[in-house]
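Have a look below at one chain only, the form predicted on its own, in structure tokens format.
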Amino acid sequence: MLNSQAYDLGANRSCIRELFEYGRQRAAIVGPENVYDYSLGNPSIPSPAEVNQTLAQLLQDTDSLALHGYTTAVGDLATRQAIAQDLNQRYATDITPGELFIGCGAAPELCAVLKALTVPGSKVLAIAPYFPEYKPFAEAAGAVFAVVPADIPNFQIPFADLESMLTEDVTAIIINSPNNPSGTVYTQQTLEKLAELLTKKSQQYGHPIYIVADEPYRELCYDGIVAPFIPTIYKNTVVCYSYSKSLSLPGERIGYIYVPRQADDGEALYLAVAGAARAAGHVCAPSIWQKVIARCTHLRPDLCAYDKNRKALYEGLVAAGYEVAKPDGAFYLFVKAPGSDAVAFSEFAKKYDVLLVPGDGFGCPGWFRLCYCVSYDQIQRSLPVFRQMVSDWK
């Protein structure tokens, strides 16, 4: 006998991964230079040089047993101290190491937090467009997952829809800013309005409604825009952070959870997060990468290449007649599909060896996502193909 929910997740791979594998197969046939793969958000800028230098120095100078041995489950103290210091300098906060839990990237961190916040009958909300894995994460935690419709074309928060969905059984809302897939950065005004609404509803229902802030793209903002640090706006915010995008380390699986002590039931929530991680098999995050982060958490990505790609792809698609949501962060473009059927247009695009991800899986039918963490050359070579596609579609 097998768990049917687990089987379904394993047997039905994500559309993104399927497209990526399809692209590799096509590249073997027609050559990689002839496949315009915009499917997977894999960073294309190298890690800061200090990261590799730190890793090499640790390997050379640190006792092997100390380097590769267990840390405490919540994370090495020096690592948590470094992260707290960096956050406090940036956001004028007073975060302590005891509010930080070092995790293996944002995905298991989200799973632990959602499990910690789920009681029988709980509901978790996400705002479309949203990262598709939120649904299995929430449902695996035992929660009901519900989606707030998208605010098209601004992709901020549709407050009338949200308020109607903030029923008594809602325990958390997932916020992803900068957003995957739209590239939207929620403004200070948007987040303050959200905080006011959640405070009102929490008081009405007699229990806190938490924000679960999924923030792997926090440092990836353009044109002088800064993503607000949500715990400074709403105290009942739990942050799940990953260094995958900011330091180009997606394969190393390292990040942290921040559970503010000033949050309602903050100390108990921290222990619940630790317990949920333990139940999922967490022992500790990779020791060597904790030590790297302790020395490198202050580093920021060089966004020049991403910004160059963003502008070239956005301007090229708009000139070709596409409707595009201008992104302020992350490394994605969200584009309205000609004919408003993104699945059909995605299949059509395969004929030109252009791989784009339909927005249906993100809760936003009729739009598609392009990851512009690719070479600038690919963008330039693909723009005539995009023009041909929209012409042929008509």
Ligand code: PLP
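Treat the numbers as computed from the prediction; the structure is a model and nothing was measured. Counting begins at 1, following the sequence as shown.
FYI, the form predicted together with this ligand isn't displayed, but the following is about it.
Asks: So which of Gln290, Thr171, Ser244, Thr237 gets a non-hydrogen atom within 4.5 Å of this ligand in the predicted bound form?
Replies: When this ligand is considered in the predicted bound form, the option within 4.5 Å is Ser244.
Asks: Note which of Leu166, Leu269, Ala107, Leu87 lies within 4.5 Å of this ligand in the predicted bound form, where distance is taken over heavy atoms; exactly one does.
Replies: Contact with this ligand in the predicted bound form is made by Ala107 alone.
Asks: Under a 4.5 Å heavy atom criterion, is Asn180 part of the interface with this ligand in the predicted bound form?
Replies: Yes.
Asks: Please run the contact check for Tyr332 against this ligand in the predicted bound form: heavy atoms, 4.5 angstroms, yes or no?
Replies: It does: once this ligand is placed as it appears in the predicted bound form, Tyr332 has a heavy atom within 4.5 Å of it.
Asks: Going by a heavy atom distance of 4.5 Å, is Tyr134 a contact of this ligand in the predicted bound form?
Replies: It does: once this ligand is placed as it appears in the predicted bound form, Tyr134 has a heavy atom within 4.5 Å of it.
Asks: Under a 4.5 Å heavy atom criterion, is Glu99 part of the interface with this ligand in the predicted bound form?
Replies: No.
Asks: This ligand is absent from this chain, but in the predicted bound form, do Gln156, Lys193 and Pro231 each have a non-hydrogen atom within 4.5 Å of it?
Replies: Not one of the three qualifies.
Asks: Pick from 214-222, 258-266, 112-120, 275-283: which stretch has non-hydrogen atoms within 4.5 Å of this ligand in the predicted bound form?
Replies: Answer to the contact question: 214-222.
Asks: Though the partner is not shown here, which residues of 143-178 have a heavy atom within 4.5 Å of this ligand in the predicted bound form?
Replies: Contacts from 143-178: just Asn176.
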